[in-house]
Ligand code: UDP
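One chain is shown next in structure tokens, namely the form predicted on its own.
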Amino acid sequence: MKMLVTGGAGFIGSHLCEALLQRGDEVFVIDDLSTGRVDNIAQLQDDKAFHFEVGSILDFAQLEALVKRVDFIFHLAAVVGVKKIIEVPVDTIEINVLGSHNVLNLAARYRKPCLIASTSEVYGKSTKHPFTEDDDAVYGPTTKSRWSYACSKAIDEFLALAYHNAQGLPVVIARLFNTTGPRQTGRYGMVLPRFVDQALRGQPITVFGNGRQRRCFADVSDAVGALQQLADHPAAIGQVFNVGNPEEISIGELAKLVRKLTGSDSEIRFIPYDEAYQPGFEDMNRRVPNIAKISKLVGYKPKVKLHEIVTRIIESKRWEPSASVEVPVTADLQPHSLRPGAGE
């Protein structure tokens, strides 16, 4: 099949592209490189079944040309990372909402099935645990920009289901819970790669908040496998699924685990949220997925345990050039200069 992956140069997107190519699909990618990296897909560039364009999902004409060519759409493009969301609040809303509207509008127009990558953030600061797909969402006030991401992704879900119910668009929604693994960067607030980077460099491991907040981390290989299974299963259409690993750990304990597995003597330093992000920043104490629904439908069961997840990230970071970890794509790298066949 011919697959379009929006955000395919990103962390999860690049792993998904690899998996699709390995099973024999032809893959088309659009990515604006705001958080994605050419390094993530460099190993795919020589594959004749891989096609990469630098561009935005806000560019309707460019997106339309791609949608018309493919059989299925994996929509992963979004502004991600707490730090990034706070830094570019307008982009967060416009790209996540208007960009997703473009994708769904074109998917419906050309009758292309679509999987929407959503997030556990849509549950907001609900205190019910574990989260199940039909639970209520609880958000903070609109004066806290931190919640704009959660709301924008919730709107994406509403819109996708509206297209399904009103126009019969085959759509599946996957709510990802803290997916992590090789190639993920810590630049935008992703906690595990940031901890590993700091430990390997002998820098203080900075824990935001009191460290007692609890999270669940899923390996990217498990998440990508789940996305493929959901995309392939006809009974998933019109449904929402949690995708994650229920294994819990506190962020303070995670910092200690990273320090132990890296053999680092880094200090663990606690930074108040007000200093790490912005005054009055709000967070949730626990975020745990109930994965019974996806397990029942496709037999999904996370294979990679937390200890192995951390070990894999450590090993990938040891071999990763420091420049590719720390240096973002600069503004003077124009899209045309990065198109395949134009100097790339």
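All residue numbers are counted from 1 along the displayed sequence. What you see is a predicted model, and the numbers here were worked out from it, not measured in a lab.
Same protein, other form: the form predicted together with the named molecule, not shown, and the subject of what follows.
Peer 1: If we take heavy atoms and a 4.5 Å cut-off, which stretch out of 62-70, 25-33, 275-283, 307-315 is in contact with the named molecule in the model of the complex?
Peer 2: Comparing against the named molecule in the model of the complex, the contact stretch is 275-283.
Peer 1: Is every one of His75, Lys112 and Gln229 in contact with the named molecule in the model of the complex, taking contact as a heavy atom within 4.5 Å?
Peer 2: No: no residue has a heavy atom within 4.5 Å of the partner.
Peer 1: Among Met190, Val224, Val122, Leu200, which has any heavy atom within 4.5 Å of the named molecule in the model of the complex?
Peer 2: So the residue touching the named molecule in the model of the complex, by this definition, is Met190.
Peer 1: Which residue among Arg183, Arg146, His164, Arg259 has a heavy atom within 4.5 angstroms of the named molecule in the model of the complex?
Peer 2: Answer to the contact question: Arg146.
Peer 1: Can you tell me whether Tyr139 touches the named molecule? I mean in the model of the complex, with a 4.5 angstroms heavy atom cut-off.
Peer 2: No - in the model of the complex, heavy atoms of Tyr139 and the named molecule never come within 4.5 Å of each other.
Peer 1: If you check in the model of the complex, is Arg175 within 4.5 Å of the named molecule, heavy atoms only?
Peer 2: Answer no; every heavy atom of Arg175 is more than 4.5 Å from the named molecule in the model of the complex.
Peer 1: Using a 4.5 Å heavy atom cut-off, state whether Thr132 contacts the named molecule in the model of the complex.
Peer 2: No, no contact at 4.5 Å.
Peer 1: Spell out, yes or no, whether the shortest heavy atom distance between Phe195 and the named molecule in the model of the complex is within 4.5 Å.
Peer 2: Phe195 belongs to the contact set for the named molecule.
Peer 1: Residue by residue through 243-263, tell me which have a non-hydrogen atom within 4.5 angstroms of the named molecule in the model of the complex.
Peer 2: The stretch touches the partner through Ile251 alone.
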